[in-house]
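Shown below, as structure tokens, is a lone chain in the form predicted alone; questions about how it binds or moves come after it.
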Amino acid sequence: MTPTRPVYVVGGSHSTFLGRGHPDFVWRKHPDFGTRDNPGVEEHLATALQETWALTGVAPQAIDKVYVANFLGELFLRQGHLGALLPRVERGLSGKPIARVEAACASGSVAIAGCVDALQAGCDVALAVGVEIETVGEAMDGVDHMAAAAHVASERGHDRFLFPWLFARRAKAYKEAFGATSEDLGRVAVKAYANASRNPKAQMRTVSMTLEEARATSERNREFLDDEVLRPHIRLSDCTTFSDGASAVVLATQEGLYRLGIHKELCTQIRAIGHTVQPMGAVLDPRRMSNMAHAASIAYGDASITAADVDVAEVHDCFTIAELQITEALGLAELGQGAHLLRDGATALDGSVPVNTGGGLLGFGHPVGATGVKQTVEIWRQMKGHAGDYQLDRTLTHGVTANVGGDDRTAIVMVHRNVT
């Protein structure tokens, strides 16, 4: 889809993504355990919103439409109706039309797409907010909650750890077809943690990961699947962990920018969106992300660009194999060559097409509902020079975000253009 009314990203921000690995996250081995609680859903939302207002100069009263992205509020928090929770957090949004949207891990991008639709339909300023709290309760309960993004009736019985199993299946097929190795997957994790170390909002900003640690099985980096065949193809370093966090972004039309008093040169533009959905439990070829490739072809075609025009990308590295397969789906590498792109340094901060500059899902964190919103904010931050210690030192014209729901069942690719 190409917006007929141009859509501009005014700006946004995140709360600090918290979970195991972050020094401020309280768990049973933390010195503050029993004396201090971690921030809850309302605190994370408040932080993301307050920083967004401060950074953009937009007042909440100026917003015409809001979408809130969240996957598992009812299961992790026993809290639904998050549209009405938002004005409890930010009273300036009281009386606004607000709705919650869900598309598993692609929920955040669906919220942005909803805002784009609203801006085509007559609104001029919209807000997308994503949030997830995943660290409450027992870890295995969380694993089971996440399995709801697959087809529960036909897929839940594959393994206790369903999504690691699904992506281990991808890793095994990919390795066997293209000669990739566990070391190649390890390089994804090493890059993610290195980038996150520069990012003060990242969950893993103080956690180091060497290639030797990432490619070797150890007590710190265990194999854990029940399935003996797939067990060697995924370890802890290949996986995101549970995260809490929120992201927010303001979008506007040209008329909205006039109303806000914001020059479009401070913005990026969403040039096109490819949004495709395939049936649950029907992955035909685990060697590739064919649904993501379809979404990318739509987005590129509608934006009148090719993969060669992409200067920076935010991709959905929920597992290390996902980054390799998505870079191929986006056309940044040929099928089976994603590992070579990584080995050659092309996706590093100083490479030809940096990928996941703030740490991606592996290093930055993956609070599911926030992830798609976070990706768009990160592209805006890079293009407008707000990325701090991980700012790219070059001119950026086009960026892409690639957000996945489930096992490549929902795919959303957005093409972003720098406005100069």
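Owing to the predicted nature of the structure, the values given are computational and were not obtained by experimental measurement. Residue numbers here begin at 1 and follow the sequence given.
Unshown form predicted together with a further copy of the same chain; subsequent notes refer to it.
Asks: Pick from Pro232, Gly281, Gly336, Gly331: which has a non-hydrogen atom within 4.5 Å of a further copy of the same chain in the model of the complex?
Replies: Only one option qualifies, and that one is Gly281.
Asks: Consider the chain as shown here, without its partner, and state which of Ala272, Ile262, Leu85, Leu162 has a heavy atom within 4.5 Å of a further copy of the same chain in the model of the complex.
Replies: Looking at the other structure, the residue within range turns out to be Leu85.
Asks: Does any heavy atom of Arg220 come within 4.5 Å of a heavy atom of a further copy of the same chain in the model of the complex?
Replies: No.
Asks: Taking the shortest heavy atom distance, is Gly19 within 4.5 Å of a further copy of the same chain in the model of the complex?
Replies: So Gly19 does not count as contacting a further copy of the same chain.
Asks: Within 4.5 Å, heavy atoms only: does Glu42 come near a further copy of the same chain in the model of the complex?
Replies: So Glu42 counts as contacting a further copy of the same chain.
Asks: Please tell me whether any heavy atom belonging to Ser15 falls inside 4.5 Å of a heavy atom of a further copy of the same chain, as the geometry stands in the model of the complex.
Replies: No.
Asks: Looking at 305-313, 116-124, 171-179, 239-247, which one sits within 4.5 Å of a further copy of the same chain in the model of the complex if you count heavy atoms only?
Replies: Residues of 116-124 come within 4.5 Å of the partner.
Asks: Has each of Leu72, Val152 and Thr276 got a heavy atom lying within 4.5 angstroms of a further copy of the same chain in the model of the complex?
Replies: Yes, the whole candidate spot contacts a further copy of the same chain.
Asks: Across 390-412, which residues bring a heavy atom to within 4.5 Å of a further copy of the same chain in the model of the complex?
Replies: Contacting residues: Gly405, Gly406, Arg409, Thr410.
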